[in-house]
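Next comes just one chain, in structure tokens: the form predicted alone.
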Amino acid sequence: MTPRTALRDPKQDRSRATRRRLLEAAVACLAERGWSGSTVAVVAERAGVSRGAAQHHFPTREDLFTAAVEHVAEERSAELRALSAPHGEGRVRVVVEALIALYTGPLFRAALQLWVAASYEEQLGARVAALEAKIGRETHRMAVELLGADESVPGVREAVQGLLDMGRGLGLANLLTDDGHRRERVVAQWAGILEGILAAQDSAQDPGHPSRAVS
């Protein structure tokens, strides 16, 4: 038995497992039922724990749902961080599809419900705004890294941000209907636009490019 194994506390393991079930249940409820239908009792039932156990981990409803959305956001961010920057033909399309997928899954669906609730729940508003700002910065940073974008080149930062803004719009459209076919065409078109912008960026960075030539 290793020292690390000997120090494991079964109670702590159970507590972590219960917390994770509550977070996952909260996101699922929020995405399916919306804010008004997602009470602590409903989430606890879905997670298979008592309401008291739920409130032990998350004293308030706001604590539960902001933690739940952050939990899934961090998991999705981890998936993107694990994605190696692709190479070769079609690499930009692969990155664009991966980024757009952030806005068409349960996280964005849940986040939309939370944003609506935050617009009229004062206690929730500041916390959700801070969380959204954090997620937005992280997603933008990952997009820049995966695309190999140089934001010092005029227009590149705006193109990356435009991609993420478009992703939010596609996610919103997907909320009401299955918009997969139209989304596929839009993604293909935007990937082509980005390919052109990034190619121009690379040319501008080439020491032999006319724009870099010394007169």
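All residue numbers are counted from 1 along the displayed sequence. Note that the structure is predicted; figures quoted are calculated from it, not measured.
Only in words, not in the display: the form predicted together with another copy of the chain, which the text now covers.
Asker: Is the gap between L147 and another copy of the chain in the model of the complex 4.5 Å or less for some heavy atom pair?
Answerer: Flag for L147 set to no.
Asker: Applying a 4.5 Å heavy atom distance criterion, does R182 contact another copy of the chain in the model of the complex?
Answerer: Residue-level check for R182: yes, a contact with another copy of the chain.
Asker: Does E138 make contact with another copy of the chain in the model of the complex, using a 4.5 Å heavy atom cut-off?
Answerer: No, no contact at 4.5 Å.
Asker: Answer yes if any heavy atom of G48 is within 4.5 Å of a heavy atom of another copy of the chain in the model of the complex; otherwise answer no.
Answerer: No, G48 stays farther than 4.5 Å from another copy of the chain in the model of the complex.
Asker: So which of T60, T39, Q189, S152 reaches within 4.5 angstroms of another copy of the chain in the model of the complex, heavy atom to heavy atom?
Answerer: Among T60, T39, Q189, S152, a heavy atom within 4.5 Å of another copy of the chain in the model of the complex occurs only for Q189.
Asker: If you check V94, V128, A143, V72 against another copy of the chain in the model of the complex, which one has a heavy atom within 4.5 Å?
Answerer: The residue from V94, V128, A143, V72 that makes the contact is V128.
Asker: Since the partner is left out here, which residues of 155 to 190 would have a heavy atom within 4.5 Å of another copy of the chain in the model of the complex?
Answerer: Heavy-atom contacts to another copy of the chain in the model of the complex: G155, E158, A159, Q161, G162, L163, D165, M166, R168, G169, L170, L172, A173, L175, L176, T177, R182, R185, V186, Q189, W190.
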